[in-house]
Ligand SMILES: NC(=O)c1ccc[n+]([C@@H]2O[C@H](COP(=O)([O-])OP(=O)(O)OC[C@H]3O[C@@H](n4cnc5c(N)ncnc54)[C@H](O)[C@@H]3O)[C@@H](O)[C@H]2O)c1
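Only one chain is given next, in structure tokens, and it is the form predicted alone.
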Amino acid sequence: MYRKNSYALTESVAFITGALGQIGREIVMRFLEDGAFVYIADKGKKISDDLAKKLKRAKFDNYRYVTIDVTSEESIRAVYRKLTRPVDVLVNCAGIGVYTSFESRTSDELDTVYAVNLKGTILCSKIFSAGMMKRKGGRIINIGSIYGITTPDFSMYGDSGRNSSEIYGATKAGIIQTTKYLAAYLAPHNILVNCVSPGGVFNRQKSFFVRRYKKRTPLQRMAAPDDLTGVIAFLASDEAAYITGQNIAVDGGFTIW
């Protein structure tokens, strides 16, 4: 079994949006394991029971939960004003999908996915980078997707009802491009901006989908959430001081075909 690398984040304060989601929870745990103080941010009024239990078992107390609506600039600013510690690392993990067919796509679905995935990433980056500019340094790590790079193989999904949508892919592609833009724009302030694009993460999907996905993937498996956290912690660390504007696919080779 491989030993997990550990990055020295003991001097870092991280703010993680979408932190109650499947991937967000693992990012929270990884940053705490590596010594960071973590603002756990999501739309819920309180931390979820499962994450609270996980934090208690690990004896972590170096965190604070905050409620945020990433689609609202007013909400983001209100949260930002109340923070007691300056944020060194922003992880834009908040994201949603929609699984209805393209033929039935509604304007509300388009607006909702855009607002969380792309608008939220841009607004949080704008507000948090202002403080980073004053301190002459910081990190922004965005969460993209393989479907911001490539198009789904629709034959994998069948009638699962979990087919990836055009608006999800479009917003994730937008996040990747926004990453490049912000990397150039914020470079004079020593703010590094990168993106991590996960492949399919196992989450009790139907067995036929899992089989098809594995067959399509060179490493012959779906990702586990903690497959993603090492590269995210790396990008937050001093080891990544000369990396900016990159999109790193963590996908078991899915996008190489």
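Don't overthink the numbering: it's just position in the shown sequence, from 1. Just so it is clear, the structure is predicted and the values come from calculations on it, not from any experiment.
Not pictured, yet referred to below: the form predicted in complex with this ligand.
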{"query": "Heavy atom within 4.5 Å of this ligand in the predicted bound form - residue from 216, 221, 64, 43", "finding": "43"}
{"query": "Listed residue that, although this ligand is not shown, lies within 4.5 Å of it in the predicted bound form (heavy atoms), from 235, 9, 20, 249", "finding": "20"}
{"query": "Heavy atom of residue 177 within 4.5 Å of this ligand in the predicted bound form", "finding": "no"}
{"query": "Close approach of residue 168 to this ligand in the predicted bound form, 4.5 Å, heavy atom", "finding": "yes"}
{"query": "Touches this ligand in the predicted bound form: residue 150 (any heavy atom, 4.5 Å)", "finding": "no"}
{"query": "Residue 143: touches this ligand in the predicted bound form, heavy atom cutoff 4.5 angstroms", "finding": "yes"}
{"query": "Site test, 96, 116 and 201 vs this ligand in the predicted bound form, non-hydrogen atom cutoff 4.5 Å", "finding": "yes"}
{"query": "Which of 88-96, 129-137, 103-111, 179-187 lines the interface with this ligand in the predicted bound form (heavy atom within 4.5 Å)", "finding": "88-96"}
{"query": "Any residue of 221-257 that, in the predicted bound form, places a heavy atom within 4.5 Å of this ligand", "finding": "none"}
